[in-house]
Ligand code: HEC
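Take a look at this single chain in structure tokens; it is the form predicted on its own.
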């Protein structure tokens, strides 16, 4: 009977573990889009309710197991068996609802990441704990020590998970808001500083936003609309975010137009209204404080003081960059962003006529850490020029088709830490160069028409099984066969006997 119970329990626990893994995969980014499934968001809101079940059951389990250990009571051990099963089941349910809640886009940042994955770890640990409890019952105490170790470990994990969950709900300073200064200094993690520029004429002292509006928003609003949590995908922790619409698309602040500023409307709504901000149960601004924000909007909603010199310097740097990149493009070197708004470049030398000027390569080297893909196929580039790109940190794809002195270039290539795809078609890469490529963490290596011997090629494949290698045949021989095929086709006469 015990054997059947052990097998059935194991099957159930493994099923729950697979369900947990499936839920993690299912919810990872699936509901974060604007067209989020409403029922998923609805269920996710029950996470704060359900999560108290596994917490309470685990605390009860811990107390019962401690009492059973001290009193040697079999009745307590049997009740602990029931508690561990209930705790495992509810922890998986809580994790599922939490993942749904996290996927709606209202939360982000390191706190969410830690709370999410530590919560998943706790749920997985609860299943393992239940397995060891079943094992202890069926095999009369076997594994007791490991079970107790896991029990204590999960207690620590649960405490940390709860801490980060509280930070997401109430803000990172909730627990230490009224703590003694010496204790708050040790426990409180400083909030991400908002950079404020103070001009030489002391403009910050007279700036209404910096002196009055920003402190009010930090006190009453940033808790739900800040770095870690963004209800309705709206933030108020900086002036730029404050002026940017959230998920609903309504204009939060329209300078000088109070009636068209939705944020002002929400602040003035009665607490019982569903759209009132802050919502019911949260500390609210006084009428005088709301009026202060209203007057600020009516007077133009001026932001924090701006350092004109810094803005001018940034504008000049962008203009200098544009001039340099245009010079490269003029000389045949194509430099394009890999996507709209991206800081990374795709660089192609296919339009370069003749040799590449050292000045052009030196200019390109200024942007080496922003090159994601570099195509040098057929370009007359020297190893000395390639050396200028040593250590390019973002380079993922490098095309050196037809490259001369390829063996000597491998040393520089090895410095590209992010390199995943390397193309050496038609180059003079030999056995020595190929052996050095074993140090690279490549995904794909393209060879063909090189000086590599079949023996060295096989040795590389055997020692680098994770690398997909293409072009293991002699492309010159393939070309010759194609020529013969074409000749045979031209001579073919179906009427000839």
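Fair warning: this is a prediction, and the values are worked out from it, not measured in the lab. Residue numbers count along the first chain shown, from 1.
One more form of this protein should be noted, the form predicted together with heme C (HEC), which is absent from this view; the next part is about it.
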{"item": "Options 419-427, 382-390, 227-235, 145-153; stretch whose heavy atom lies within 4.5 Å of heme C (HEC) in the model of the complex", "value": "227-235"}
{"item": "Touches heme C (HEC) in the model of the complex: residue 125 (any heavy atom, 4.5 Å)", "value": "no"}
{"item": "Heme C (HEC) contact in the model of the complex: residue 89, any heavy atom under 4.5 Å", "value": "no"}
{"item": "Interface membership of residue 275, heme C (HEC) in the model of the complex, 4.5 Å heavy atom rule", "value": "yes"}
{"item": "In the model of the complex, residue 252 touching heme C (HEC) (heavy atom, 4.5 Å)", "value": "yes"}
{"item": "Candidate from 414, 136, 285, 257 lying within 4.5 Å of heme C (HEC) in the model of the complex - any heavy atom", "value": "285"}
{"item": "Listed residue that, although heme C (HEC) is not shown, lies within 4.5 Å of it in the model of the complex (heavy atoms), from 370, 163, 247, 81", "value": "247"}
{"item": "Stretch 258-277 - residues with a heavy atom within 4.5 Å of heme C (HEC) in the model of the complex", "value": "263, 266, 267, 275, 277"}
